[in-house]
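There is one chain below, alone, in structure tokens, taken in the form predicted alone.
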Amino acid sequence: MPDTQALVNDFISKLKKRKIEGSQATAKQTAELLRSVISQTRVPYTNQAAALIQSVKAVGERLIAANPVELAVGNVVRRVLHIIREEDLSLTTAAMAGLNLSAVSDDEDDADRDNQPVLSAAAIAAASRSTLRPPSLQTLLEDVPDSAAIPHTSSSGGDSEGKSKSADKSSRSRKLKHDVIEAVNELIQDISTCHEQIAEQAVEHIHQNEVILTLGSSRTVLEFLCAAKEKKRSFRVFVSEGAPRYQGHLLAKELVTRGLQTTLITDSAVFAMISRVNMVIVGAHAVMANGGVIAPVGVNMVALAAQKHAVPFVVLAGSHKLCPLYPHHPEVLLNELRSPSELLDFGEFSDCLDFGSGIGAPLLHVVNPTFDYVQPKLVSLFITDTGGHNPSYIGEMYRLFVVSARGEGMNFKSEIMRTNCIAEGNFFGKLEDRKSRFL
């Protein structure tokens, strides 16, 4: 089995060198790395969850520091921390329920039974409702200690009782890691299939003979448009080229290969063409807690054009891109500058870039930002792998849960991360509860 530290260092190196393209690939590899960390973490007999949380947090701090702009890393770390807490709560609730249920089965009179603090089935269900994976009946039975479930068979003295408790603690430790790893596997599966789950909703939003505008290149947008095409919807796509990287050229070529009618336009032509458009569909780098969107540079211009001409502006984003932080949060880095070589040829502009002014500064400055920030008021609809949601719903959910969890948190650097974890965990639970309304 490879050394965990070597895996962490290799992944940090890739993050720093920007060798991982796309939030989905970053999120998936982050979850896989944290799964390896959990698998190889040695947990004590007591406070198993605390040991796992400490290991994940230690690695998470280093991953986030390696590439602060890639918010999907922090999102996955928070999700895994939430999984550990919820699985530990689930096992604890099941163990307490088993102890109380076994106590009722002892030879006690009716009066004593009435005074016994027994957990009802409704109470057990209520305690388990907040968990990601509620315990099954088999889980409840497996978590009942032998000495508690069958008290009259423990007659071999203190040694056998101590061995039984030790074995039970070891079993619970193994089960906690097993359940956490299973839940992380489900998270990895959700991240891997988010494109397909979003694409399944395409037929509900794209109609016959419509004109769709998008910018740059996004696999989520590509699969979404192609899914509508497979449902026999006939429509045309305007692709803004997405300078200076011109990722829109790649998307336009792929759309034509898939049989879609495609028109490639320059970014400066967006306002001129927007009046012919029925809907704007774009991808996102991250969705913030207030419903704002961090997207490739140029998207904010498209959003403003859509608002000016009353064109719906739809954002496609997997749930791993939903970030429980606000844009003004000190830990959030909204942008980074790319190489000026994407804009101009250094050989051609060498004279302008020389320090010829005599004051130690170049005559020409080149700024090449990577992302735009789109205000939530410009977004008409979010389509995620859990359904469609408006920006006010996302912002309100985050606000409520951050307020309710205030004072409990810890961040990677400023001891407030658990507030974000609780907010995001409850938010994803709420999305699952509302899933059936939108699918």
Partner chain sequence: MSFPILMKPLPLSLKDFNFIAEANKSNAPGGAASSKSVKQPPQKKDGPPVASSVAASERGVDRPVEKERKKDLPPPRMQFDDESRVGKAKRRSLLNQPEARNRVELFRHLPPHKNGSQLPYLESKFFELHEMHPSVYKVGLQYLTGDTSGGNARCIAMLQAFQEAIRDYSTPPEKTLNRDLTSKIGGFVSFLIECRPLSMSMGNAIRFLKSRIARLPLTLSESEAKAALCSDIDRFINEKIVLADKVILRHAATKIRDGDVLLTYGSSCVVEMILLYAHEIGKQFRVVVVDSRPMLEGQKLLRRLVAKGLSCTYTQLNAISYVMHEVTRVFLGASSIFSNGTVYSRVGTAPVAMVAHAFHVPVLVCCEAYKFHERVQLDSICFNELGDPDAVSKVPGRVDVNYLDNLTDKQKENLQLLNLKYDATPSDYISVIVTDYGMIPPTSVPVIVREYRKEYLLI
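Only a predicted model underlies this, so the values are computations on that prediction, with no experimental measurement involved. Residue numbers count along the first chain shown, from 1.
We do not show the form predicted in complex with the partner chain, though everything after this point is about it.
Heavy atoms of Pro369 reach within 4.5 Å of the partner chain in the predicted bound form, making it an interface residue. Residue contact check for Gln189: none of its heavy atoms lie within 4.5 Å of the partner chain in the predicted bound form. Although the partner is absent from this view, Gly298 contacts the partner chain in the predicted bound form, with a non-hydrogen atom inside 4.5 angstroms. Within this chain, Pro312 is remote from the site of the partner chain in the predicted bound form, having no heavy atom within 4.5 Å. Across the proposed site, Leu33, Ala58 and Arg219 without exception lack any heavy atom within 4.5 Å of the partner chain in the predicted bound form. Note on the partner interface in the predicted bound form: the residue among Lys175, His249, Arg233, His205 having a heavy atom within 4.5 angstroms of the partner chain is His249. Just one of Cys226, Leu89, Leu304, Met96 comes within 4.5 Å of the partner chain in the predicted bound form, counting any heavy atom, and that one is Leu304. Stretch 239 to 247 is the answer when you ask which of 177 to 185, 239 to 247, 78 to 86, 281 to 289 has residues with heavy atoms within 4.5 Å of the partner chain in the predicted bound form. Annotation for 250 to 277: interface residues with the partner chain in the predicted bound form are Leu250, Ala252, Lys253, Val256, Thr257, Gly259, Leu260, Gln261, Thr262, Thr263, Leu264, Ile265, Thr266, Asp267, Ser268, Ala269, Phe271, Ala272, Met273, Ser275, Arg276 [heavy atom within 4.5 Å]. Compared with the form shown here, the C-alpha atoms of Pro330 and Gly292 sit at least 3 Å closer together in the predicted bound form. Relative to this form, in the predicted bound form the C-alpha atoms of Val332 and Gly242 approach one another by 3 angstroms or more.
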